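Have a look below at one chain only, the form predicted on its own, in structure tokens format.
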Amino acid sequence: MMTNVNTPATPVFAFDAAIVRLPSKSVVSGLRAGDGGDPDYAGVRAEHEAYVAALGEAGVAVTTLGVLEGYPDAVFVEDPALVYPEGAILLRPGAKSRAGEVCEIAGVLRDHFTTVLELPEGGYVEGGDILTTPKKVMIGLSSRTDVAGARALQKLLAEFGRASEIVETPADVLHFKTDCSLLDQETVLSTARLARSDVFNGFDVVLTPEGEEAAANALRVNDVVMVGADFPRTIELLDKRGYTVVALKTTQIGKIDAGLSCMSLRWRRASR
């Protein structure tokens, strides 16, 4: 299920702008699949602050939105929208408790983008299932992203001139990007369970060490790769491959099934 459209020449990890949202006190009640205990609010705030600082140090101008106490998961701004130099796309979260987040972020996106498209009724897509690579945008089917939503998103991406493909997320994995991230123009970091599906044919695939599967949700921003600090073997692996690694604590946000990519919407302004 591939849409053949030209892809952009600029590296997809070249960012100079981002949107984040401060975590609310209700974040401790955020959605989670497991039962690893509630996160510590002060710990979430500290991890978020370090994350925002790292984005700034990487050369990104960050817009910080205020808390939304009525939406515990609203700190994860990547799920209700997609952003590209060409414009933004408002999505529709598959988790009903997150549906209102789209309206909350829509006005901010219209302040930043001339073009803001909306996912039509009839399907669900969360940004955590979307991996943008130089070759195509990969849309992972999951419990939060269905076929109807994925097909509708393909049509919107085509309006931006972006190729796309619908792929499968491993069973019992929250989001497609829970298990993968882009390291450079030709390389992805992936868990073994996702790589076995051959979804990354044509890419150089770096596998996360056994027991550090959660490290797959890394984040390439300009010249650095942000990786969870709790994954030393992955950090060592990437360091040996020549990447400039920034280790960030994700212990508390990890308790609500979150990682590094989901805490920001990142793009390169079209005028640059």
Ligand code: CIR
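Just count from 1 along the sequence shown to find any residue number. The model shown is predicted, which means the values in this text are computed figures rather than measured ones.
The same protein also exists as the form predicted in complex with the ligand; that form is not shown, yet it is the one meant from here on.
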Contact test in the predicted bound form: residue 174 vs the ligand, heavy atoms, 4.5 Å | yes
Hey, in the predicted bound form, is residue 162 touching the ligand, heavy atoms inside 4.5 Å?
-> no
Though only this chain appears here, would residue 214 touch the ligand in the predicted bound form if you measure heavy atom gaps against 4.5 Å?
-> no
Quick one: does residue 136 come within 4.5 Å of the ligand in the predicted bound form, counting heavy atoms only?
-> no
Contact with the ligand in the predicted bound form, heavy atom within 4.5 Å, among 248, 18, 12, 262 goes to 262
Stretch in contact in the predicted bound form with the ligand, which is absent here, among 70-78, 110-118, 163-171, 149-157 (heavy atoms within 4.5 Å) | 70-78
Within 144-164, which residues have a heavy atom closer than or equal to 4.5 Å from the ligand in the predicted bound form?
-> 144
